[in-house]
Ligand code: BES
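Just one chain is shown here, as C-alpha coordinates, and it is the form predicted on its own.
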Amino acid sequence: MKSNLIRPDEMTAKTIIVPVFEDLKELSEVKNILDEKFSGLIENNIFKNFEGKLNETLTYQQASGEIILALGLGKYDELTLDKYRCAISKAFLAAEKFVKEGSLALELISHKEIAKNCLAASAALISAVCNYKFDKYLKEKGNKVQNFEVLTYDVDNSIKESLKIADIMGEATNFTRGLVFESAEVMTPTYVCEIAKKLADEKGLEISIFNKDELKKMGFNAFLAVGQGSAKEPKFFHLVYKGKNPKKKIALIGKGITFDSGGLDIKPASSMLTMKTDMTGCATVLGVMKAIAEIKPDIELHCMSALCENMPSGSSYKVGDVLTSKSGKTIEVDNTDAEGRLTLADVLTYSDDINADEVIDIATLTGAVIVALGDNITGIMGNNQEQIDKFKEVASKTGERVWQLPIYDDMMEGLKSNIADMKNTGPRFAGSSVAGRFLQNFTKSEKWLHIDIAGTAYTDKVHGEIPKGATGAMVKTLIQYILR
(Lines give C-alpha, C1' and ligand atoms only; values in the text may rest on other atoms or scores of the structure.)
Protein backbone atom coordinates (compact mmCIF):
# COMPACT_ATOMS: atom_id res chain seq x y z
CA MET A 1 0.00 0.00 0.00
CA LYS A 2 1.29 3.45 -0.94
CA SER A 3 0.41 6.67 0.88
CA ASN A 4 -0.07 9.95 -0.97
CA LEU A 5 -0.52 13.48 0.32
CA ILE A 6 -3.10 15.15 -1.93
CA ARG A 7 -5.57 18.02 -2.09
CA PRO A 8 -9.23 16.99 -1.66
CA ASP A 9 -10.11 18.16 -5.18
CA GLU A 10 -7.58 15.61 -6.52
CA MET A 11 -9.05 12.70 -4.56
CA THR A 12 -9.74 9.47 -6.46
CA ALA A 13 -10.88 7.30 -3.52
CA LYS A 14 -14.51 6.26 -3.29
CA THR A 15 -14.27 5.46 0.43
CA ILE A 16 -13.46 8.43 2.66
CA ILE A 17 -12.82 8.57 6.42
CA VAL A 18 -13.94 11.86 7.98
CA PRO A 19 -12.69 12.42 11.56
CA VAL A 20 -15.10 14.26 13.87
CA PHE A 21 -14.50 15.64 17.37
CA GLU A 22 -17.21 15.24 19.97
CA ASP A 23 -17.00 18.87 21.10
CA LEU A 24 -15.63 20.67 18.03
CA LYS A 25 -17.89 20.30 15.03
CA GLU A 26 -16.85 22.83 12.45
CA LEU A 27 -16.04 22.71 8.76
CA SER A 28 -12.32 22.63 8.05
CA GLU A 29 -11.05 23.46 4.56
CA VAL A 30 -11.15 19.78 3.62
CA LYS A 31 -14.54 19.16 5.22
CA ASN A 32 -15.94 22.18 3.43
CA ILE A 33 -14.92 20.74 0.02
CA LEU A 34 -16.34 17.34 0.96
CA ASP A 35 -19.54 18.94 2.26
CA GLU A 36 -20.05 20.74 -1.05
CA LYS A 37 -19.27 17.56 -2.99
CA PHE A 38 -21.79 15.52 -0.99
CA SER A 39 -24.60 18.06 -0.78
CA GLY A 40 -24.25 19.16 2.84
CA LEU A 41 -23.79 15.65 4.24
CA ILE A 42 -21.25 16.69 6.87
CA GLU A 43 -22.83 19.87 8.26
CA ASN A 44 -26.49 18.84 7.97
CA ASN A 45 -26.21 15.14 8.81
CA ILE A 46 -22.94 13.98 10.36
CA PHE A 47 -22.53 16.99 12.67
CA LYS A 48 -26.16 16.74 13.83
CA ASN A 49 -26.61 12.95 14.10
CA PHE A 50 -23.12 11.63 14.90
CA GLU A 51 -21.83 12.18 18.43
CA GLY A 52 -18.15 11.71 17.62
CA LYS A 53 -17.26 9.70 20.71
CA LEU A 54 -13.79 8.14 20.60
CA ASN A 55 -13.59 5.13 18.22
CA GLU A 56 -17.25 5.50 17.20
CA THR A 57 -17.91 4.99 13.48
CA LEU A 58 -20.93 5.55 11.26
CA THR A 59 -21.14 4.79 7.54
CA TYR A 60 -23.02 6.82 4.94
CA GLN A 61 -23.65 5.36 1.47
CA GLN A 62 -23.96 7.96 -1.28
CA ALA A 63 -26.20 7.47 -4.29
CA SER A 64 -23.16 8.17 -6.46
CA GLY A 65 -21.37 5.17 -4.93
CA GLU A 66 -19.02 6.86 -2.46
CA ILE A 67 -18.82 5.65 1.12
CA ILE A 68 -18.33 8.27 3.85
CA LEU A 69 -17.20 6.86 7.16
CA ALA A 70 -17.47 9.25 10.10
CA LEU A 71 -14.86 8.54 12.77
CA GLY A 72 -15.19 9.77 16.32
CA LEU A 73 -12.06 11.22 17.95
CA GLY A 74 -13.67 12.11 21.27
CA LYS A 75 -13.03 15.46 22.93
CA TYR A 76 -10.47 17.71 21.26
CA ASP A 77 -8.37 18.46 24.33
CA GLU A 78 -8.25 14.78 25.32
CA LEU A 79 -6.88 13.46 22.03
CA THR A 80 -3.44 11.85 22.21
CA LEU A 81 -1.37 10.23 19.50
CA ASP A 82 -2.07 6.80 21.03
CA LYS A 83 -5.83 7.43 20.96
CA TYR A 84 -5.55 8.69 17.39
CA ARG A 85 -3.69 5.55 16.28
CA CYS A 86 -6.31 3.31 17.86
CA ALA A 87 -9.14 5.28 16.23
CA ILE A 88 -7.49 5.07 12.81
CA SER A 89 -7.19 1.29 13.13
CA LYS A 90 -10.89 1.03 14.04
CA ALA A 91 -11.84 3.21 11.06
CA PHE A 92 -9.61 1.37 8.61
CA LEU A 93 -11.00 -2.03 9.58
CA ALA A 94 -14.54 -0.66 9.28
CA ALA A 95 -13.84 0.95 5.89
CA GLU A 96 -11.73 -1.70 4.17
CA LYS A 97 -14.68 -3.99 3.45
CA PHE A 98 -15.95 -1.32 1.06
CA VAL A 99 -12.62 -1.00 -0.76
CA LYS A 100 -11.87 -3.55 -3.47
CA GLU A 101 -8.26 -3.26 -4.65
CA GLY A 102 -8.70 0.51 -4.76
CA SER A 103 -8.07 3.69 -2.79
CA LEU A 104 -9.05 4.85 0.67
CA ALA A 105 -8.95 8.50 1.75
CA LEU A 106 -8.59 10.14 5.17
CA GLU A 107 -8.85 13.79 6.10
CA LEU A 108 -5.68 14.92 7.85
CA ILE A 109 -6.83 16.85 10.91
CA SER A 110 -5.06 19.68 12.69
CA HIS A 111 -4.39 19.56 16.43
CA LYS A 112 -2.59 22.07 18.63
CA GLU A 113 -0.73 19.36 20.60
CA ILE A 114 0.20 16.94 17.79
CA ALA A 115 2.27 17.83 14.74
CA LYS A 116 0.65 17.17 11.37
CA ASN A 117 3.53 15.04 10.14
CA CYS A 118 3.07 12.79 13.21
CA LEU A 119 -0.65 12.48 12.53
CA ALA A 120 -0.06 11.72 8.85
CA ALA A 121 2.72 9.19 9.50
CA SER A 122 0.77 7.45 12.25
CA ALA A 123 -2.29 7.09 10.04
CA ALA A 124 -0.25 5.71 7.14
CA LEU A 125 1.65 3.22 9.30
CA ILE A 126 -1.42 1.96 11.16
CA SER A 127 -3.35 1.64 7.91
CA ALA A 128 -0.54 -0.37 6.32
CA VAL A 129 -0.49 -2.78 9.27
CA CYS A 130 -4.30 -3.10 9.25
CA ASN A 131 -4.26 -3.65 5.49
CA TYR A 132 -1.90 -6.64 5.69
CA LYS A 133 -3.32 -10.15 5.52
CA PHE A 134 -1.37 -13.40 5.45
CA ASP A 135 -3.64 -15.03 2.86
CA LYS A 136 -1.11 -17.25 1.10
CA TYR A 137 -3.03 -20.42 1.96
CA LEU A 138 -6.56 -18.99 1.65
CA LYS A 139 -8.68 -19.65 -1.41
CA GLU A 140 -10.74 -16.53 -0.77
CA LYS A 141 -8.58 -13.41 -0.45
CA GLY A 142 -9.78 -10.40 1.53
CA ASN A 143 -10.01 -6.80 0.35
CA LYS A 144 -6.80 -4.81 0.20
CA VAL A 145 -6.26 -1.08 -0.19
CA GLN A 146 -3.75 -0.18 -2.89
CA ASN A 147 -3.53 3.57 -2.28
CA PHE A 148 -4.01 5.56 0.90
CA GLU A 149 -4.87 9.20 0.17
CA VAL A 150 -4.21 11.70 2.96
CA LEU A 151 -6.37 14.74 2.27
CA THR A 152 -5.01 18.18 3.14
CA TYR A 153 -4.28 21.60 1.71
CA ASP A 154 -1.05 21.65 3.72
CA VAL A 155 1.04 19.78 1.13
CA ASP A 156 4.28 20.25 3.05
CA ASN A 157 7.56 18.50 2.23
CA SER A 158 8.10 17.45 5.85
CA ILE A 159 4.72 15.70 5.83
CA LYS A 160 5.57 14.02 2.52
CA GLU A 161 8.87 12.79 3.98
CA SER A 162 7.09 11.48 7.08
CA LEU A 163 4.65 9.57 4.88
CA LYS A 164 7.54 8.08 2.92
CA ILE A 165 9.23 6.82 6.10
CA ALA A 166 5.88 5.54 7.42
CA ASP A 167 5.34 3.52 4.23
CA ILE A 168 8.80 1.97 4.59
CA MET A 169 8.18 1.17 8.25
CA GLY A 170 4.78 -0.32 7.47
CA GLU A 171 6.24 -2.50 4.74
CA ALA A 172 9.05 -3.62 7.07
CA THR A 173 6.58 -4.47 9.84
CA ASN A 174 4.45 -6.52 7.46
CA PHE A 175 7.54 -8.20 6.03
CA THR A 176 8.40 -9.35 9.54
CA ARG A 177 4.82 -10.46 10.21
CA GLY A 178 4.77 -12.51 7.03
CA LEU A 179 7.88 -14.42 8.08
CA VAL A 180 6.36 -15.14 11.49
CA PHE A 181 3.00 -16.25 10.07
CA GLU A 182 4.68 -18.75 7.72
CA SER A 183 4.83 -22.39 8.83
CA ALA A 184 7.96 -23.97 10.28
CA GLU A 185 7.81 -26.54 7.49
CA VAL A 186 8.67 -23.70 5.08
CA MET A 187 10.63 -21.38 7.37
CA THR A 188 13.65 -23.62 7.92
CA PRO A 189 17.10 -22.25 8.83
CA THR A 190 18.24 -22.69 5.23
CA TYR A 191 15.17 -20.91 3.83
CA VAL A 192 15.52 -17.97 6.23
CA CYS A 193 19.12 -17.55 5.09
CA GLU A 194 17.89 -17.55 1.49
CA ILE A 195 15.55 -14.70 2.41
CA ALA A 196 18.46 -12.83 4.01
CA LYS A 197 20.57 -13.43 0.89
CA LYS A 198 17.79 -12.14 -1.36
CA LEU A 199 17.47 -9.04 0.80
CA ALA A 200 21.22 -8.50 0.56
CA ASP A 201 21.17 -8.85 -3.23
CA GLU A 202 18.21 -6.48 -3.62
CA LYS A 203 19.53 -3.79 -1.27
CA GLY A 204 23.25 -4.02 -1.94
CA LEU A 205 24.17 -5.34 1.49
CA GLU A 206 27.11 -7.44 2.62
CA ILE A 207 26.19 -10.92 3.82
CA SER A 208 27.98 -13.91 5.29
CA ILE A 209 26.20 -17.24 5.81
CA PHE A 210 27.83 -20.02 7.83
CA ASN A 211 26.97 -23.73 7.84
CA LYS A 212 27.29 -26.32 10.61
CA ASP A 213 30.92 -27.27 9.93
CA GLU A 214 32.01 -23.64 9.75
CA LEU A 215 30.16 -22.81 12.96
CA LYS A 216 31.83 -25.71 14.74
CA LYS A 217 35.23 -24.30 13.80
CA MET A 218 34.08 -20.88 15.00
CA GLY A 219 33.20 -22.29 18.43
CA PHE A 220 29.40 -21.93 18.29
CA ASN A 221 29.05 -25.01 20.52
CA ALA A 222 26.15 -23.83 22.69
CA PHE A 223 24.12 -22.93 19.60
CA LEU A 224 24.97 -26.15 17.75
CA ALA A 225 23.92 -28.24 20.76
CA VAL A 226 20.42 -26.77 20.57
CA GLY A 227 20.07 -27.73 16.90
CA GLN A 228 21.63 -31.19 17.00
CA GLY A 229 18.33 -33.00 17.55
CA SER A 230 16.85 -31.72 14.27
CA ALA A 231 17.19 -33.06 10.75
CA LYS A 232 17.40 -29.42 9.54
CA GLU A 233 20.92 -28.03 9.33
CA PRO A 234 21.64 -25.05 11.60
CA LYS A 235 22.71 -21.82 9.92
CA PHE A 236 24.00 -18.39 10.87
CA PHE A 237 23.76 -15.18 8.85
CA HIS A 238 25.46 -11.82 9.31
CA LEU A 239 24.04 -8.92 7.24
CA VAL A 240 25.79 -5.56 7.04
CA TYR A 241 24.55 -2.15 5.90
CA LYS A 242 27.08 0.68 5.65
CA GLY A 243 26.04 4.28 5.05
CA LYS A 244 28.30 6.71 3.23
CA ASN A 245 29.71 8.32 6.38
CA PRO A 246 28.66 6.14 9.34
CA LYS A 247 28.33 8.09 12.56
CA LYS A 248 27.69 5.02 14.71
CA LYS A 249 27.85 1.24 14.54
CA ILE A 250 25.05 -0.96 15.90
CA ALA A 251 24.87 -4.74 16.24
CA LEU A 252 21.32 -6.12 16.17
CA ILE A 253 20.83 -9.79 17.07
CA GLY A 254 17.61 -11.78 16.65
CA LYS A 255 16.74 -15.14 18.18
CA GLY A 256 16.16 -17.63 15.35
CA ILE A 257 14.59 -20.85 16.65
CA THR A 258 12.48 -21.77 13.63
CA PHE A 259 10.53 -24.29 15.70
CA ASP A 260 10.78 -24.93 19.42
CA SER A 261 9.40 -28.23 20.67
CA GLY A 262 11.28 -27.78 23.93
CA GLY A 263 13.70 -30.55 23.01
CA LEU A 264 13.81 -33.52 25.39
CA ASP A 265 12.14 -31.30 28.01
CA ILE A 266 9.25 -31.26 25.58
CA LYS A 267 6.50 -28.67 25.81
CA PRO A 268 2.84 -29.60 26.33
CA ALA A 269 0.95 -29.74 23.03
CA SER A 270 -0.97 -26.53 23.77
CA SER A 271 2.28 -24.66 24.40
CA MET A 272 3.68 -25.80 21.07
CA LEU A 273 0.89 -24.37 18.94
CA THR A 274 2.63 -21.06 18.24
CA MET A 275 6.23 -22.22 18.43
CA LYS A 276 6.78 -21.50 14.74
CA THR A 277 6.96 -17.92 16.06
CA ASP A 278 10.11 -18.55 18.09
CA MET A 279 12.12 -17.00 15.25
CA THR A 280 10.34 -13.65 15.59
CA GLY A 281 13.56 -12.01 16.81
CA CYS A 282 15.25 -13.03 13.57
CA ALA A 283 12.25 -11.88 11.52
CA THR A 284 12.37 -8.56 13.34
CA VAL A 285 16.03 -7.84 12.57
CA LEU A 286 15.40 -8.71 8.91
CA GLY A 287 12.46 -6.29 8.80
CA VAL A 288 14.53 -3.57 10.44
CA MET A 289 17.42 -4.13 8.04
CA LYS A 290 15.05 -3.94 5.07
CA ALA A 291 13.83 -0.53 6.22
CA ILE A 292 17.27 0.84 7.06
CA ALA A 293 18.62 -0.24 3.66
CA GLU A 294 15.82 1.75 1.99
CA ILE A 295 16.10 4.86 4.18
CA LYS A 296 19.92 4.87 3.85
CA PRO A 297 20.99 6.70 7.02
CA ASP A 298 24.64 7.45 7.84
CA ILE A 299 25.15 4.50 10.17
CA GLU A 300 26.66 1.01 10.08
CA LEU A 301 24.20 -1.73 11.01
CA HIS A 302 25.06 -5.38 11.59
CA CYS A 303 22.08 -7.76 11.76
CA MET A 304 22.61 -11.41 12.63
CA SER A 305 20.82 -14.55 13.73
CA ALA A 306 21.73 -18.14 14.60
CA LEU A 307 18.99 -20.36 13.17
CA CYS A 308 18.01 -23.89 14.16
CA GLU A 309 15.15 -26.10 15.33
CA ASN A 310 14.97 -27.38 18.91
CA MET A 311 13.69 -30.93 18.45
CA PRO A 312 13.66 -34.19 20.45
CA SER A 313 15.51 -37.16 18.94
CA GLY A 314 18.24 -39.65 19.66
CA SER A 315 20.82 -36.99 18.87
CA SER A 316 19.28 -34.21 20.99
CA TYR A 317 21.29 -32.43 23.63
CA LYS A 318 20.37 -33.60 27.10
CA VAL A 319 19.87 -32.29 30.61
CA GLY A 320 23.20 -32.53 32.41
CA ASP A 321 25.30 -31.90 29.29
CA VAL A 322 28.08 -29.36 29.73
CA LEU A 323 28.56 -27.04 26.76
CA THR A 324 31.62 -24.92 26.07
CA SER A 325 30.30 -21.70 24.57
CA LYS A 326 32.13 -19.58 22.00
CA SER A 327 33.29 -17.35 24.86
CA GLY A 328 34.97 -20.30 26.55
CA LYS A 329 32.52 -20.20 29.46
CA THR A 330 30.94 -23.57 30.25
CA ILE A 331 27.20 -24.08 30.67
CA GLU A 332 25.41 -26.97 32.36
CA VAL A 333 22.13 -27.76 30.61
CA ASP A 334 19.47 -27.60 33.29
CA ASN A 335 16.54 -27.52 30.85
CA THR A 336 16.57 -28.09 27.09
CA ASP A 337 13.62 -25.69 26.72
CA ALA A 338 15.83 -22.78 27.85
CA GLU A 339 17.47 -22.93 24.45
CA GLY A 340 17.17 -19.37 23.18
CA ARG A 341 19.68 -18.00 25.64
CA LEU A 342 22.20 -20.65 24.54
CA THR A 343 21.95 -19.57 20.91
CA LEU A 344 22.11 -15.87 21.80
CA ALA A 345 25.15 -16.45 24.04
CA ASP A 346 27.33 -17.50 21.12
CA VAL A 347 26.07 -14.71 18.86
CA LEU A 348 26.65 -12.08 21.55
CA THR A 349 30.24 -13.30 21.86
CA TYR A 350 30.62 -13.20 18.06
CA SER A 351 29.33 -9.61 18.03
CA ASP A 352 32.19 -8.50 20.34
CA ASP A 353 34.55 -8.65 17.35
CA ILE A 354 32.44 -6.05 15.52
CA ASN A 355 33.32 -3.41 18.14
CA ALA A 356 29.85 -1.88 17.83
CA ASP A 357 28.94 1.27 19.71
CA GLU A 358 25.96 -0.62 21.06
CA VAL A 359 24.55 -4.14 20.95
CA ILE A 360 20.84 -4.97 20.95
CA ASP A 361 19.33 -8.45 21.04
CA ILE A 362 15.64 -9.21 20.57
CA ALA A 363 14.06 -12.55 21.39
CA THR A 364 10.92 -14.44 22.30
CA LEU A 365 12.90 -15.55 25.32
CA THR A 366 10.83 -16.23 28.43
CA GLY A 367 7.30 -17.16 29.40
CA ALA A 368 8.06 -15.29 32.61
CA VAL A 369 7.86 -11.93 30.82
CA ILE A 370 4.24 -12.72 29.89
CA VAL A 371 3.43 -13.48 33.53
CA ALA A 372 5.05 -10.19 34.55
CA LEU A 373 3.83 -7.83 31.83
CA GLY A 374 1.04 -9.52 29.86
CA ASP A 375 0.80 -9.78 26.09
CA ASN A 376 0.96 -6.14 25.05
CA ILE A 377 3.99 -4.86 26.97
CA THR A 378 7.56 -5.71 25.96
CA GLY A 379 10.20 -6.28 28.63
CA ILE A 380 13.57 -4.55 28.23
CA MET A 381 16.75 -4.65 30.29
CA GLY A 382 20.45 -4.00 29.86
CA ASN A 383 23.69 -2.69 31.33
CA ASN A 384 23.47 0.97 30.30
CA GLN A 385 20.71 3.14 31.74
CA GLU A 386 21.22 5.94 29.22
CA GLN A 387 20.65 3.50 26.36
CA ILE A 388 17.58 2.04 28.07
CA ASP A 389 16.10 5.51 28.69
CA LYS A 390 16.59 6.51 25.05
CA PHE A 391 14.90 3.34 23.88
CA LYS A 392 11.98 3.92 26.25
CA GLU A 393 11.61 7.47 24.95
CA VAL A 394 11.49 6.29 21.33
CA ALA A 395 9.00 3.54 22.18
CA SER A 396 6.70 6.06 23.86
CA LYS A 397 6.60 8.05 20.61
CA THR A 398 5.93 5.03 18.37
CA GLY A 399 3.15 3.81 20.65
CA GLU A 400 4.79 0.51 21.59
CA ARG A 401 4.66 -0.25 25.30
CA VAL A 402 7.89 -1.26 27.01
CA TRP A 403 8.82 -1.76 30.65
CA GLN A 404 12.29 -1.97 32.13
CA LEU A 405 13.02 -5.08 34.18
CA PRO A 406 15.98 -5.16 36.58
CA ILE A 407 19.24 -7.07 36.29
CA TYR A 408 21.37 -7.51 39.42
CA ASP A 409 24.72 -9.23 39.79
CA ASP A 410 23.47 -11.41 42.63
CA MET A 411 21.06 -13.07 40.20
CA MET A 412 24.06 -15.18 39.19
CA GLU A 413 23.60 -17.03 42.48
CA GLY A 414 20.60 -18.81 41.01
CA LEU A 415 22.60 -19.80 37.93
CA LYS A 416 25.41 -21.48 39.85
CA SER A 417 26.44 -24.98 38.78
CA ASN A 418 28.54 -27.53 40.63
CA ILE A 419 30.22 -28.75 37.45
CA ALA A 420 30.27 -25.74 35.08
CA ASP A 421 30.61 -21.97 35.10
CA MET A 422 26.83 -21.62 35.15
CA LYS A 423 23.52 -23.36 34.42
CA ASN A 424 21.18 -22.25 31.64
CA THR A 425 18.22 -21.79 34.02
CA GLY A 426 17.76 -20.37 37.48
CA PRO A 427 15.05 -20.27 40.13
CA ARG A 428 11.38 -19.94 39.26
CA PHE A 429 11.00 -16.30 40.22
CA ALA A 430 12.19 -13.26 38.19
CA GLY A 431 12.74 -15.58 35.23
CA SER A 432 13.07 -12.84 32.61
CA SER A 433 15.64 -10.89 34.60
CA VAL A 434 17.63 -14.04 35.41
CA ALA A 435 17.68 -14.91 31.70
CA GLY A 436 18.93 -11.40 30.99
CA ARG A 437 21.63 -11.80 33.62
CA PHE A 438 22.67 -15.07 31.94
CA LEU A 439 23.05 -13.28 28.60
CA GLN A 440 25.06 -10.46 30.14
CA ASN A 441 27.88 -12.95 30.75
CA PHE A 442 28.47 -13.22 27.00
CA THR A 443 28.85 -9.62 25.89
CA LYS A 444 31.71 -7.19 26.50
CA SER A 445 29.69 -4.25 25.22
CA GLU A 446 29.14 -1.41 27.68
CA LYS A 447 25.92 -0.56 25.83
CA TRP A 448 23.90 -3.78 25.64
CA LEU A 449 20.11 -3.86 25.47
CA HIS A 450 18.01 -7.03 25.71
CA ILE A 451 14.40 -6.99 24.42
CA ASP A 452 12.06 -9.85 25.42
CA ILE A 453 9.08 -10.03 23.05
CA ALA A 454 7.75 -13.41 24.18
CA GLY A 455 4.46 -11.78 25.12
CA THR A 456 4.13 -9.23 22.32
CA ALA A 457 5.35 -11.06 19.20
CA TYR A 458 2.07 -12.93 18.69
CA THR A 459 -1.36 -12.35 20.17
CA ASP A 460 -4.73 -14.07 19.87
CA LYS A 461 -6.69 -10.82 20.16
CA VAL A 462 -6.54 -7.21 19.00
CA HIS A 463 -5.02 -4.68 21.42
CA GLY A 464 -6.02 -1.21 20.21
CA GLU A 465 -3.90 -0.65 17.10
CA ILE A 466 -2.04 -3.97 17.53
CA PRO A 467 -3.38 -6.63 15.14
CA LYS A 468 -4.27 -10.22 15.94
CA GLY A 469 -1.63 -12.87 15.20
CA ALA A 470 1.93 -11.88 14.34
CA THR A 471 2.27 -8.27 15.45
CA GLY A 472 5.65 -7.08 14.20
CA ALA A 473 6.35 -5.83 17.72
CA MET A 474 9.35 -3.51 18.08
CA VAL A 475 10.06 -3.19 14.34
CA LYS A 476 9.02 0.46 14.16
CA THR A 477 10.60 1.30 17.51
CA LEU A 478 13.93 -0.25 16.53
CA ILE A 479 13.90 1.58 13.19
CA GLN A 480 13.22 4.92 14.87
CA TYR A 481 15.78 4.20 17.60
CA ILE A 482 18.45 3.47 15.01
CA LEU A 483 17.54 6.61 13.03
CA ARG A 484 17.53 8.91 16.08
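Keep in mind that this is a model prediction, so the values were computed, not measured. Counting begins at 1, following the sequence as shown.
Unshown form predicted together with the named molecule; subsequent notes refer to it.
**Q** Among the candidate residues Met218, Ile388, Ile209, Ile370, which is the single one with a non-hydrogen atom no more than 4.5 Å from the named molecule in the predicted complex?
**A** Residue within 4.5 Å of the partner: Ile370.
**Q** Looking at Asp337, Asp375, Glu294, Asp357 here, can you tell me which has any non-hydrogen atom within 4.5 angstroms of the named molecule in the predicted complex?
**A** Exactly one listed residue reaches within 4.5 Å, namely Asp337.
**Q** I have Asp278, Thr364 and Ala454 flagged as a candidate spot, so tell me whether each of them has a non-hydrogen atom within 4.5 Å of the named molecule in the predicted complex.
**A** Yes: each residue has a heavy atom within 4.5 Å of the partner.
**Q** Which of 173-181, 237-245, 260-268, 191-199 has heavy atoms within 4.5 Å of the named molecule in the predicted complex?
**A** Answer to the contact question: 260-268.
**Q** With a cut-off of 4.5 Å between heavy atoms, is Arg341 one of the residues that contacts the named molecule in the predicted complex?
**A** Yes.
**Q** Is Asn55 near the named molecule? Define near as a heavy atom within 4.5 Å, in the predicted complex.
**A** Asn55: no, not in contact with the named molecule in the predicted complex.
**Q** Although the partner isn't part of this model, could you tell me whether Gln440 comes within 4.5 Å of the named molecule in the predicted complex, counting any heavy atom of the residue?
**A** Because no heavy atom of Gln440 falls inside 4.5 Å of the named molecule in the predicted complex, the answer is no.
**Q** So, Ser28 and the named molecule: in the predicted complex, are they within 4.5 Å at any heavy atom pair?
**A** Output for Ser28 is no: heavy atoms all beyond 4.5 Å of the named molecule.
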